[in-house]
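Quick heads-up: it's one chain on its own, the form predicted alone, in C-alpha cells.
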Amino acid sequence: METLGLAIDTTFDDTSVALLRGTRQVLSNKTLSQYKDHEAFGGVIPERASRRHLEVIHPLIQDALKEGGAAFDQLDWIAVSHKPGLLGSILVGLTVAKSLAFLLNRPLIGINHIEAHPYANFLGNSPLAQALANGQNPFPLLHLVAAGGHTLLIYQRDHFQWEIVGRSLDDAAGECVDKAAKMFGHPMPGGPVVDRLAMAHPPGDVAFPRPLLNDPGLDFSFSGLKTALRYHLEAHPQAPEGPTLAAYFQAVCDVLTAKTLRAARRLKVERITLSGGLCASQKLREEFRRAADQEGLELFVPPPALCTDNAAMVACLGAFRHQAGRHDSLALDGESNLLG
C-alpha cells in the first residue's frame, strides 16, 4: 500500500501544508500567503512573517488533513523544508514537524526547499510522474529554478544527485522583475503585473541590456538590467508602462532561455524543467516552449499554482526520500543558506 505523508513549508512568507499519497497523488495542498500583510512595507518583514506562520500553521494542518480525509495516526512520515530561507520562519515549520514526528513516532524528513522546486514536475499525471510510474528513467534533467531570491540551473543525474551549474551573481530574476514593477508604483509581488503587461503589449524600442548573454559561462546577472531601467525612467519619466516593461521582461526571458539552452547543449541533456514563482509567467513559458521546440528539447512545466512556494513539491521529494530510507533525526537544524 502506498504511504501517506504530510509536508510543511514555511521558508519565506507562505505557510503551506500538503498531504501526499505515494509519490504523486496530492490529497490536499493548502497555502496561505502573507504578501498583503507586508504590502505597506514594500517587502517581507521577517519578524512579522514568523509570527504569522505561528498563528496559522496549526489550523492549516487541520484543514489539510480534513480535505485529504486523513487523521494524524494514518501518517507514515513527516517532511519539512529546513533550508534555505528566513531562519525565523523556517523554525516555525521545523518545530511543528519535529513535534509531530516525535509524538506520532514517525520518520522526520528534512527537505532543501530549492531542491524540491523541480519536483512540482513529478506530481499528479505529469509526464515525468507517468514515466517513473511506468518504470522509465527520465534522468538526466536540467532544471531552471527561478524562485524568489534564487535563479539557478541545476543538473540532476538521479534522485538526490544534483549540482548547481549556474546561478545569479547578484539579483535573482524574480527579484529583478518585482523591483521593475515597483518602479511603476505596483505593490509586491510585481511578477504577475509585468507578465500581464508583457502579454498585452509588444516590447517597446528600448534597447535594454542582456547581462552576461554573450559570456560563455552559465551564471546570471540581473542587477545591471534593473539599473538600466532606473536610468531610463529618470531620463524618460513619461515612458509608457506597458511597452517599457514588455521590453524589460523580454530581456529577462532572453537571458534565461539562452543560458538554459546553452547549459543543455554543454551537458548533453535532452529534457529541461521550469519551476519557481517566476516560471508561472505565461510569457516566460511561451518563450521557453518556442526555444525548446527549436532546439529539439523536451520541456516540462508544472501548473502555475505549483510554481510558487507550496508544500506539495516538498511532499513529493519527501516521498522519494522516504522510499530510499533517507530520514533525519530530531536534531535536524534550520539553515538560512542554500548549501549550508
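Being a predicted model, the structure only gives us computed values, none of them experimental. Numbering starts at 1 and follows the sequence shown.
Below, we turn to the form predicted together with a small molecule, even though it does not appear here.
**Student:** Based on heavy atom distances of 4.5 Å or less, which listed stretch (277-285, 50-58, 294-302, 64-72) is in contact with the small molecule in the predicted bound form?
**Tutor:** One stretch meets the cut-off, namely 277-285.
**Student:** Taking any heavy atom pair closer than or equal to 4.5 Å as contact, tell me whether residue 28 reaches the small molecule in the predicted bound form.
**Tutor:** Answer no; every heavy atom of residue 28 is more than 4.5 Å from the small molecule in the predicted bound form.
**Student:** Hey, in the predicted bound form, does residue 140 get a heavy atom within 4.5 angstroms of the small molecule?
**Tutor:** Because no heavy atom of residue 140 falls inside 4.5 Å of the small molecule in the predicted bound form, the answer is no.
**Student:** Decide whether residue 149 counts as a contact residue for the small molecule in the predicted bound form under a heavy atom distance cut-off of 4.5 Å.
**Tutor:** Answer yes; at least one heavy atom of residue 149 falls within 4.5 Å of the small molecule in the predicted bound form.
**Student:** Find out whether any non-hydrogen atom of residue 110 is located within 4.5 angstroms of the small molecule in the predicted bound form, and reply yes or no.
**Tutor:** Because no heavy atom of residue 110 falls inside 4.5 Å of the small molecule in the predicted bound form, the answer is no.
**Student:** Has each of 174, 190 and 309 got a heavy atom lying within 4.5 angstroms of the small molecule in the predicted bound form?
**Tutor:** Yes: each residue has a heavy atom within 4.5 Å of the partner.
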